[in-house]
Structures are given as C-alpha cells and as structure tokens.
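Before any questions on how it binds or moves, here is one chain, the form predicted alone, in structure tokens.
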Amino acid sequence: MNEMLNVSSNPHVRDKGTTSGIMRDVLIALLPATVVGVCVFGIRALVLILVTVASAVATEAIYEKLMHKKITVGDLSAAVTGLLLALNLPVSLPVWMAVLGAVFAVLVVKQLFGGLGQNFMNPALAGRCFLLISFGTAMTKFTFDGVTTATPLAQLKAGGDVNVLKMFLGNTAGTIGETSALALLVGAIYLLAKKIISLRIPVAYIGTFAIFIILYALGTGRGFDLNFLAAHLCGGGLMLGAWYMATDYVTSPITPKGQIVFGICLGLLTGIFRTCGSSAEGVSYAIIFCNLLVPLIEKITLPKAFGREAKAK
C-alpha cells in the first residue's frame, strides 16, 4: 500500500523521447526539401546550407564555452536552427550575411534568453526577419537557372500567371527550401508518423489560410479560382512554416485548444499580410507575431481544474 501511495513531484508521466532524438527526426524530415533545393539551385545552395548550419553550431558552442556552461550542441537544436534558416534564404545571398543571421538566431534569440526552451520566438525565423530588415535587397533577390526573377507569388500578386505544378515540384524561384511543396509534405508525413508533431496547428493554419484566400478571391471578383488557391498553398514558404516552424515545441501553445487558436491566428495573419501588404509573402512575420501571443493564448485556453472551489464560511 505504501508503494501505491508514493507521492512525487511532477512530471508524473514521462516520455522516452529525447531532445536529440526529436531534433534528429526533424533533420531527417528536412532532407527531401534540402536535396531538392540543392538540385534546383546548384552547389552554391549546398555551400550556403553547410556554412549556415556550421555557424549556428559554432555560435552555440563558443557562447557556452565562454559562459562556462555545458556544451549542448549534441542535442542538435542548433543544427536544426541553422538548417531551417538556410532553407529560408535565397541562394544568391552573400555567405557572410547567412553567417550573421545564424549568429543572431542562436546568440541573441536563443542563448541570451536562457538557451533551448527559453526563447520566446522561433530562432530561425527571427534570424530570417533580422536579415530581411537589415539586408532587404539581398534577401528579396531570387535567381533561377542563373537568371534573377520574381517568385511565383510575386508574379501572381502583380497579376501574372504561374505554373502550379512547377511550384508543387519545386522547379521555380524562391528560397532554397520553400520551393518544393511535395518534398516538404514528404517530410511532414515522416514527422507525423514518428509522432513528433500533431495535425492541430498545421491543419488549422493551412485550413484557415485556404478559407481566407477563397473568400478574398470571391470578394475581389476572381470567383472560385482553384489555380489561385493552389498557388498560394504551394508558394511562399507556407508548407515550410506550417509543418516545421509553427509546430516548434518551445514557441507554440501546449494546450490542444490553444494550438487550434494559434493555427487560426497564423492563417488569418498570413492571409492579411499576403493580400493587403506590399510583400507577396507573410509566413515569417505571421509566425513571429503569433509566437508573442502564445502566453495569452495558453492563458485563455487553459483547461479548468476538476471540481469546484469551496465557499468560505
């Protein structure tokens, strides 16, 4: 009986998964998009990826060494941050800018706030937004087959036509890892199969965004334009953001209802940024903004305690 009533501090239910194991699965899931990016954009994409990942890992190791902390690069979180940042960069970006972005992501956004688990926004996206603000021209210069060109979403926003099949397969201009929706979906299926992520945030995000785009098309006289909807779903990093960055454990809600609310907010903001803003994108800023709303979302979606409070006599 004494053993049955043994009381201990929480957590009372533990999982066998480790941080390094989860991060390794994320790296594996990102491999298809990485391979497609290198095949489409060439050897320079591989160089940019390797340099960005190495910079992120080195920044974490050097900082922890200088601060006399335990070196945690073995948990692979810095490698994931570096890879996600690299996949969000245009292949023509100067290497030193990519290094600067990786340093900002790991040092400022992650380590200065306490390390893994303490950052208030996704480090990779914070690094990308830092580069967008600091080097807007370089970050919005996209090349494909050696020619500088606009992304499909930029062409669509300007009133042009796009090839949705090429967008789905990845044979088009854009950042290194966002162009192939197919490769990103293959990786997402792997994460779902390994139970690393759930469907709540991605489905709420993509579903809300799809409804927004349908209503926008109807309201602007396009009617129900399936090609317009498919182009928005396949382009602009939506799949990369929805499956790999919006689902970040640290910067997304832990409550089931909160995750759905989080996804809905992401879909609405992405739709507003894309259709009403000057840029054809919007995923990065939507996720960063919603990361800041997570404490509020968790507060209003926290499950009520079982029972009721006794009235004071």
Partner chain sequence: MNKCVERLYNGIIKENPTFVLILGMCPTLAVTTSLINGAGMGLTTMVVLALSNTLISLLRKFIPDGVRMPAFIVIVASLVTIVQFILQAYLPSLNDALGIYIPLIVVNCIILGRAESYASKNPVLPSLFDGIGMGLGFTVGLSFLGAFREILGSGSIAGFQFIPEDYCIRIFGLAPGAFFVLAALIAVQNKIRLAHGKKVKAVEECTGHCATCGKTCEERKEED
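Residue numbers count along the first chain shown, from 1. Quick caveat, the model's predicted, so the values are computed rather than measured.
As for the form predicted together with its partner chain, it is not shown, yet the points below apply to it.
In the model of the complex, Phe104 approaches its partner chain with a heavy atom inside 4.5 Å. Interface residue remark: Lys70 is counted as part of the site for its partner chain in the model of the complex, having a heavy atom within 4.5 Å. None of the heavy atoms of Phe224 is located within 4.5 Å of its partner chain in the model of the complex. Its partner chain in the model of the complex comes within 4.5 Å of no heavy atom belonging to Phe212.
Put simply, of Phe142, Phe130, Phe168, Phe228 only one has a heavy atom within 4.5 Å of its partner chain in the model of the complex, and it is Phe130. A single residue from the set Leu199, Leu100, Ala150, Ile189 has any heavy atom within 4.5 angstroms of its partner chain in the model of the complex; that residue is Leu100. In plain terms, the part of the chain that comes close to its partner chain in the model of the complex, with a heavy atom within 4.5 Å, is 134-142 out of 181-189, 151-159, 134-142, 80-88.
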